[in-house]
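Given as structure tokens, the chain that follows is alone and in the form predicted alone.
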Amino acid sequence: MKNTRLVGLLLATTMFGGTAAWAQTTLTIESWRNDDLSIWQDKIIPAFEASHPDIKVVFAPTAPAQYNSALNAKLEAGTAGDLITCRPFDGSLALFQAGHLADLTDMDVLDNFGPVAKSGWSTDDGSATYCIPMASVIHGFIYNADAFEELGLSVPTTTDEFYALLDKIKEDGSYIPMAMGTADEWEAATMGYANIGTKYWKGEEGRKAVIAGTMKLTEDGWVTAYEELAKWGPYLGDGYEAQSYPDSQNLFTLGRAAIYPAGSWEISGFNAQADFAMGAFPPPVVPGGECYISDHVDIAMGMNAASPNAEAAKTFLEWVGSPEFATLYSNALPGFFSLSNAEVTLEDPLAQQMVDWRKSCHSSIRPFSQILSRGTPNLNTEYWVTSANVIRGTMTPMEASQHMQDALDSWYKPAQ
């Protein structure tokens, strides 16, 4: 009798335990951020599961270079995860137009994000949004604070002060004024042209005017940005033409350069490698002008339209759009800044310094990332070449601007 009762209790326990397990929904996240696997497993997912014990989350990244092709194959085969980490602009837009990403426009959590934040994952007319924005990267200048103190230098706020500062560093000779090369070309565009040029074309105003066809890339602002970039060569040190991106990183972290034209994603690596104090300043303004920063949308998350777990997936996306996630993600990955309107306090002082620029500067995405990169020639890669050539002195600012406008005119009708 006792044995029968014991067996009954064990069966009941197993059955109830099994019911609990069956009731738990498992969500799988597709992502290219394989470097972040431990952060998701150790910090982000446990925070969500603690308040949602009925939902289990698995982060299953693919190597960045293979992500797009692997994801497309999975979506076509019906084997993709429930949640899709979204790259900005055309790649994700194509997935939405193909019916692979669900329309999230009606989700209330999107009210936590402004139009610039949503621009990377919305249709051209802004009528539909298909991914919840997660983070952006900000451009500016990171500097060796010990070197500045040693040379008695002050952080510049205007372009006049900036070039006077570079002249002083160059004249002293103890440090290379700025660590950047042109061998890989993309740095000249993103940390150069887009970084300092945003103030000249007035950010979103100029970018949208080019898309609308009411402004040409040969007009003031776009040319002026190249004119400033043309001044950089003498400050980049000997042999900068053959200097790669890793070379520039090493020059700065080894203490050989005073200033690094930067993307905020460098923060974690620089913290680990540099043994000197660092600070940051935004792109210096034209005397009497306003501050503009390249605050480029970088990563978001959407829902597989074919997911069998849509309700649980939307619950996770609501959390991704929350202030709790904004704070957690921004601190787990310093330099990847939440796109939420929520106030986020960062533990990393350099990251906090950079994100605070949003309070006093106008934000804009990189100039050719939306729409203008869809044709051939692709302006988003063409400006790598023109920016590098202007620094090298093999193209004049007007030649670079004319090249860009001719490239656009060759395929983009609104610009004609």
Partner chain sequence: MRAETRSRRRWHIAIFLAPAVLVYTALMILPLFGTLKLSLYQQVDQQQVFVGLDNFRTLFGDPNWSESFWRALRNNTWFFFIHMAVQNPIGIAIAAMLSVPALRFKGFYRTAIFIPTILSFVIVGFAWKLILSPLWGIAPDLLKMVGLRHLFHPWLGKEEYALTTIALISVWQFVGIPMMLIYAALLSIPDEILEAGEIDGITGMKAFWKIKLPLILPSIGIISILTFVGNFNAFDLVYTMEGAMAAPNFSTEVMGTFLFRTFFGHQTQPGDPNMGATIAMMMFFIILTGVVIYLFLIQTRMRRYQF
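Residue numbers count along the first chain shown, from 1. For clarity, a rigid core is taken as the largest C-alpha set superposing within 1.5 Å between two forms. In this text, all values refer to a predicted model and were calculated from it rather than measured experimentally.
The form predicted together with the partner chain is left out here; the points below concern that form.
K.L.:
Could you tell me which stretch in 213-221, 249-257, 119-127, 310-318 has residues with non-hydrogen atoms within 4.5 Å of the partner chain in the model of the complex?
P.N.:
So the stretch in question is 249-257.
K.L.:
So, in the model of the complex, is T394 in contact with the partner chain at a 4.5 angstroms heavy atom limit?
P.N.:
The answer is yes: T394 has a heavy atom within 4.5 Å of the partner chain.
K.L.:
Answer for V385 alone: is it within 4.5 Å of the partner chain in the model of the complex, judged on heavy atom distances?
P.N.:
Output for V385 is yes: heavy atoms within 4.5 Å of the partner chain.
K.L.:
Would you check, heavy atoms only and a 4.5 Å threshold, whether S38 touches the partner chain in the model of the complex?
P.N.:
No - in the model of the complex, heavy atoms of S38 and the partner chain never come within 4.5 Å of each other.
K.L.:
Determine whether any heavy atom of G114 comes within 4.5 Å of a heavy atom of the partner chain in the model of the complex, and answer yes or no.
P.N.:
No, G114 is distant from the partner.
K.L.:
Report the residue, out of A209, A306, A183, L153, that has at least one non-hydrogen atom within 4.5 angstroms of the partner chain in the model of the complex.
P.N.:
It is A183 that has a heavy atom within 4.5 Å of the partner.
K.L.:
Among A164, A242, A73, A272, which has any heavy atom within 4.5 Å of the partner chain in the model of the complex?
P.N.:
In short, A242.
K.L.:
Quick one: which residues from 146-179 get a non-hydrogen atom within 4.5 Å of the partner chain in the model of the complex?
P.N.:
Heavy-atom contacts within 4.5 Å come from no residue here.
K.L.:
Is A73 one of the residues whose Cα moves 2 Å or more between this form and the one not shown, with the core superposed?
P.N.:
Yes, the C-alpha moves 2 Å or more.
K.L.:
Is the shift of H296 between this form and the one not shown large enough to count as movement, that is, does its C-alpha move by 2 Å or more after the core is superposed?
P.N.:
For H296, whose C-alpha is compared between this form and the one not shown after core superposition, the shift is less than 2 Å.
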